[in-house]
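Consider the single chain below, provided in structure tokens and representing the form predicted on its own.
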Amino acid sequence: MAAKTTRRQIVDAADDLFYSGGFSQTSFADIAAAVKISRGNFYYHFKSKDEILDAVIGKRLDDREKLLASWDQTAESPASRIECFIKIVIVNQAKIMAYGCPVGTLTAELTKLDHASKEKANKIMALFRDWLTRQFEELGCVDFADEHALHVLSWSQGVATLAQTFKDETFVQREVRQIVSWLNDIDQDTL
């Protein structure tokens, strides 16, 4: 296995394990077993769990930047781009119901641990906030763009948390319909 491929597999496995089991509960041995490499080979790529965490956060940030950029390219209006963001809780519903939001759960865990990487993880939430703010500005809600962005972001985190808690698909569907209706009302008001 090429070094670059092995490193990517380690990061992907760690990403999955940190999401499903939590950062603090995941060990080097768990990650090495998931990738099926020896601990010696593992240490060649990463010297500490914190190095892996930083790589996972970097991957998540990069993945989310690409996702948002794809919506910027494919969705025809700011409202439809915001709707893509809203509907991600349905797209990823099974995982969210099992483990919560991958960004929110990691950010919350690192904050509780007062981990040195918490600020780096917070950059993903800031990315979402900034992107949503730009969408609302383009929609014509300049004075309330950041307020609306935080509303959508807090809504998505709340729905993800309650979806994980109650495992209720109907709740998720209803909440998505309601927030999309709210968005449509804002969109109509700006015309």
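All values reported here derive from a predicted model rather than from experimental measurement. Heads up: residue numbers just count along the shown sequence, starting at 1.
The following text describes the form predicted in complex with another copy of the chain, which does not appear among the structures shown.
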- Among 39-47, 133-141, 119-127, 65-73, the stretch whose residues bring a heavy atom within 4.5 Å of another copy of the chain in the predicted bound form is 119-127
- With a 4.5 Å heavy atom cut-off, would you call Ala33 a contact of another copy of the chain in the predicted bound form? no
- Query: Just to confirm, Ser80 within 4.5 Å of another copy of the chain in the predicted bound form by heavy atoms?
  - Reply: no
- Message: Does any part of Gln178 reach within 4.5 Å of another copy of the chain in the predicted bound form? Heavy atoms only, please.
- Response: yes
- Could you tell me if Phe166 has a non-hydrogen atom within 4.5 Å of another copy of the chain in the predicted bound form? yes
- For this chain shown on its own, do Thr107, Thr111 and Glu147 all sit within 4.5 Å of another copy of the chain in the predicted bound form, going by heavy atoms? yes
- Query: Going through 17-45 from first to last, which residues have a non-hydrogen atom within 4.5 Å of another copy of the chain in the predicted bound form?
  - Reply: Phe18, Tyr19, Ser20, Gly21, Gly22, Ser24, Gln25
